[in-house]
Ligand code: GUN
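Heads up, the chain below is alone and in the form predicted alone; it's given as structure tokens.
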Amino acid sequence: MSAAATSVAPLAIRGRVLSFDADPALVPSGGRGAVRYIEDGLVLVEDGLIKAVGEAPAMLRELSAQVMVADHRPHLILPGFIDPHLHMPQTQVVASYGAELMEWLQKYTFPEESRYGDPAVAAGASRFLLDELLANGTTTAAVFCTTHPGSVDAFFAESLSRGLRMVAGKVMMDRNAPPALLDAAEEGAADSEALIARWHGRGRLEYAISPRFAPTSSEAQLEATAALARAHPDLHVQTHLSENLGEIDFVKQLFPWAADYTAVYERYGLVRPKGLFGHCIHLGDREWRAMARGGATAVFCPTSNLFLGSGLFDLARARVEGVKVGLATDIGGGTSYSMLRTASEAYKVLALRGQTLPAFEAFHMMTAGNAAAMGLEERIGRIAPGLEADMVVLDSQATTALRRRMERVDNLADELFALLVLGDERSTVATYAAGRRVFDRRSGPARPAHAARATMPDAQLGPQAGEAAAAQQQ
């Protein structure tokens, strides 16, 4: 935890508390045994951590009169959403027209990323991205910056000021891109080492070793990446794998010795726990087994896969093979910052494959599932004592369409599914990071972190002793 987080006064957050103790896909009876739901729940937060969770009436009787209570009833309180794959410099290429992956990179992405040698551009993009993530209830993400070390400095500095748990890294790329974006093999590794020393472990920040993907890294750079990974076995590794058929053919040309695309990363020791591989759409039998054997994660990016026409992810195959799966927005090939919208598109992708994504499984993926996919399950992803107090408060009646739909909903699973399909950032009432309110829907993001306990318009906030009277005023 950061030093800033420990200075926050205790806070109790009241509402309908929903968290997951296990993956509903692995639990009989529709996954209900994996769900922990408290209709009138209270989450007690101290020093940025969850201290206790339980029934509100009983817990309120035991609380000190000095503890502030944020009463969010009747809204849902969930763990903060987690996004295991997105690109900080691509917020201004989202919704760029008409191209498949390799053309899209050359036409839109690389020219945009070339601007990020300018510290002002990187700082502005970092502020914008974090504002958007928090507005959508996302409290942790795995983020690609650019080849410019300053882009990582900007993103981490902004994340640190808000007390967020973020994972990010400098892209390493020494071929098949514009000269302004290339770094030599030694340079990329040296820059990464310096950034690790400067940022990893500060506050709640973690560094990710980030070779963009095999087509843009020479064997010399992958060797340097392998050395970096060996020197830092605890770090995340993030890259891309098997997104597009043209990309796969290109990899065959560049690495004729490799049995398949995954074998390239295997040779350099990158297929390992906390290895995050975006897309994984066209994996062969051997590749699925290699991913499972290495303990790596396949990251499902439905909106970008549909937008770029890349293909349909096979969740059932990943589960059969025992491969961990994350669900991600992939901004900016992806088309929404909202994990709700992303999960809605995941449902549709899987339907096209004859597979299903029930509501409990989808919300598990966005929270505890993505925490496990990123190797962060001991820190975030659930509302449980000892974990970091990252939470999102959701209004399942935030829009006219949702309110009308909810008139015919009579159980939690149906409510969640309707929220999944019809919800978006308008459903985010408030977002908490390490117990600090970093977003509310009336006043927007709270910046910097020390200002995060401003007035909460969407919740009654007051001492525990006056909580009942406050609730009557809602």
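From 1 onward, residues are counted along the sequence shown. Here the structure is a predicted model, which is why all the values come from computation and not from measurement.
The same protein has a further form, the form predicted in complex with ligand GUN, not shown here; the description that follows concerns it.
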Check 90, 101 and 212: does every one of them have a heavy atom within 4.5 Å of ligand GUN in the predicted bound form?
yes
To test your reading of this chain, name the stretch in 160-168, 212-220, 350-358, 375-383 whose heavy atoms come within 4.5 Å of ligand GUN in the predicted bound form.
212-220
Students should find that, of 304, 297, 126, 136, the residue having a non-hydrogen atom no more than 4.5 angstroms from ligand GUN in the predicted bound form is 304
Ligand GUN isn't shown here, but in the predicted bound form which of 105, 121, 248, 402 has a heavy atom within 4.5 Å of it?
105
Counting only non-hydrogen atoms and a 4.5 angstroms cut-off, does residue 204 reach ligand GUN in the predicted bound form?
no
Is residue 243 a contact residue for ligand GUN in the predicted bound form, using a 4.5 Å heavy atom cut-off?
yes
Please run the contact check for residue 308 against ligand GUN in the predicted bound form: heavy atoms, 4.5 angstroms, yes or no?
yes
Just to confirm, residue 388 within 4.5 Å of ligand GUN in the predicted bound form by heavy atoms?
no
In sequence order, which positions of 269-298 have a non-hydrogen atom within 4.5 Å of ligand GUN in the predicted bound form?
279
